[in-house]
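The chain that follows stands alone, in the form predicted on its own, written as structure tokens.
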């Protein structure tokens, strides 16, 4: 679904209206020292050319977002304020839907450039997913040395640790990559999910465990939140960079062209709950523009986002989220 300039403006206004209806101020803080910042860019330059964002646009808008998020004056300073050269950082992608709806390769490259600018050695960066097959299908080239790009299944024994660890309603085994990394960057694609409502930064962590299929009842509530409060996630998920260049507004999480909008967006935040809250509003705005009911009216409200907020994992109260538009 390509958007004309007039249609593009209407969708952007629609998403802003949805945020306002949810109580989310446009660019204002909800409370002194308490608001979570979500930086959002929406531009025709960020629309996909084929199946990827143009590299220059991905780099430019991510740089601008990181400077706005951190208040720093340059790329190296911005990334260096969040990640140390002595750390190993995992860049967790979302590639299950295939090349038309996977984390942008150009955006991923821009994230890696930021980490390198912060002084991280290439060997301290792991770009990863559940399987190398998913990465290759999305157009990534597997690399097992230096700057690694690989699936959990590349590791010995299938790549998962034991014994089973528990967090609330979730009992699981984590990818061994989670043991290796000190920090995580979650790089989801903004999309509808037929069971969860939406799949964004929080649910992207399902790709870090052995048995995500066990945790989809009741719209994934409280399972997503319980997983993300586990120390392996809560203590490491430091930045979320959401690819909203092409948004699946209905019939997700697989790519379904009739309901895929060329939105040209990017969301960046240190708070994955606040980012997901804003992403949910964008999906509902796009659905409204397509003549579809809201996720709540469809019986698929992503209530796990509010549950995560209630657990203290981030802000799911619109009055405590500050949205900054580039």
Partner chain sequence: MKRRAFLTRAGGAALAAPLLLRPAGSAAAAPQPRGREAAYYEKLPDQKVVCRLCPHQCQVADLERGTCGVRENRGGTYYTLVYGQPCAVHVDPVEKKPLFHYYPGSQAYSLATAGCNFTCRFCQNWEISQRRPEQVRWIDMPPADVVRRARAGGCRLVAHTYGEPVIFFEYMRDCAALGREQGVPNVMISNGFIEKAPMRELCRHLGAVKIDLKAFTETFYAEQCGGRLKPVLDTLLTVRAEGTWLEVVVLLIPGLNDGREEIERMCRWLVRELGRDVPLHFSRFVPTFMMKNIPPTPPATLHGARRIAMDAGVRFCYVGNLLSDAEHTFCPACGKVLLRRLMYSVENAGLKDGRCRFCGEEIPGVFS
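Numbering follows the first chain given and starts at 1. Since the structure is predicted, the reported quantities are computational estimates derived from the model, not experimental observations.
The form predicted in complex with the partner chain is left out here; the points below concern that form.
Asks: Which single stretch, out of 96-104, 175-183, 239-247, 69-77, brings residue heavy atoms within 4.5 Å of the partner chain in the predicted complex?
Replies: Single hit among the candidates: 96-104.
Asks: Taking the partner chain in the predicted complex, would 145, 232 and 271 all count as contacting it (heavy atom within 4.5 Å)?
Replies: Zero of three within 4.5 Å in the predicted complex.
Asks: Would residue 113 show up as a contact with the partner chain in the predicted complex if we use heavy atoms at 4.5 Å?
Replies: No, residue 113 is distant from the partner.
Asks: Does the 4.5 Å heavy atom contact test between residue 154 and the partner chain in the predicted complex come out positive?
Replies: It does: once the partner chain is placed as it appears in the predicted complex, residue 154 has a heavy atom within 4.5 Å of it.
Asks: Should residue 222 be counted as a contact of the partner chain in the predicted complex, where contact means heavy atoms within 4.5 Å?
Replies: Flag for residue 222 set to no.
Asks: Taking heavy atoms only, is residue 85 within 4.5 angstroms of the partner chain in the predicted complex?
Replies: Flag for residue 85 set to no.
Asks: Listed by sequence position, which residues of 160-194 have a non-hydrogen atom within 4.5 angstroms of the partner chain in the predicted complex?
Replies: Sequence-ordered list: 160, 164, 166, 171, 173, 193, 194.
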